[in-house]
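Take a look at this single chain in structure tokens; it is the form predicted alone.
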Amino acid sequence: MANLARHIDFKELGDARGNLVVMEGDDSIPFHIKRIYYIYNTEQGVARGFHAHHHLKQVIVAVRGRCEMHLDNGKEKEIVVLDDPCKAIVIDTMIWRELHHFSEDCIILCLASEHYDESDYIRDYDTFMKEVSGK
């Protein structure tokens, strides 16, 4: 297995009233959080992502439901199933990512190390492969 994403296990807190998961930037999240967004109501059969980043790092967790993250560093590929709100993955720079097979109730939370910057995105797989191979 490739291990293209580092895994984070969050401590689940809670009692009879319910559960609580805490995520703190520069602590359980390995960077200062500059942007937070979430993906939900993804139609069945629709995939998302299809890009890599030059500088941005992400922590991604399925706070509800399930999906698959397909990761690729240009040499190795890995599929990670996100299906536990206490488990997240860290996706470093220059990792191609695709999100597939969303459950109907899936909510994906993304914590990003940078503000949105379109110039940081690599949206073409062939361009990505050329950049990671140094060509």
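Note that this is a predicted model, so its numbers are computed, not measured. Residue indices: 1-based, along the sequence shown.
Quick note: we don't show the form predicted in complex with ligand T46, though the next part is all about it.
Using a 4.5 angstroms heavy atom cutoff to ligand T46 in the predicted complex, none of Ile29, His55 and Leu111 count as contacting. Leu99 is the sole member of Leu99, Val90, Val80, Cys106 with a non-hydrogen atom lying within 4.5 angstroms of ligand T46 in the predicted complex. None of the heavy atoms of Tyr40 is located within 4.5 Å of ligand T46 in the predicted complex. Proximity of Tyr116 to ligand T46 in the predicted complex falls within the 4.5 Å heavy atom cutoff. Residue contact with ligand T46 in the predicted complex: Gly49 places a heavy atom within 4.5 Å of it. The closest heavy atom approach of Ile60 to ligand T46 in the predicted complex falls within 4.5 Å.
Taking a 4.5 Å heavy atom cutoff to ligand T46 in the predicted complex, the contacting residues in 114 to 131 are Tyr116, Tyr121, Arg123.
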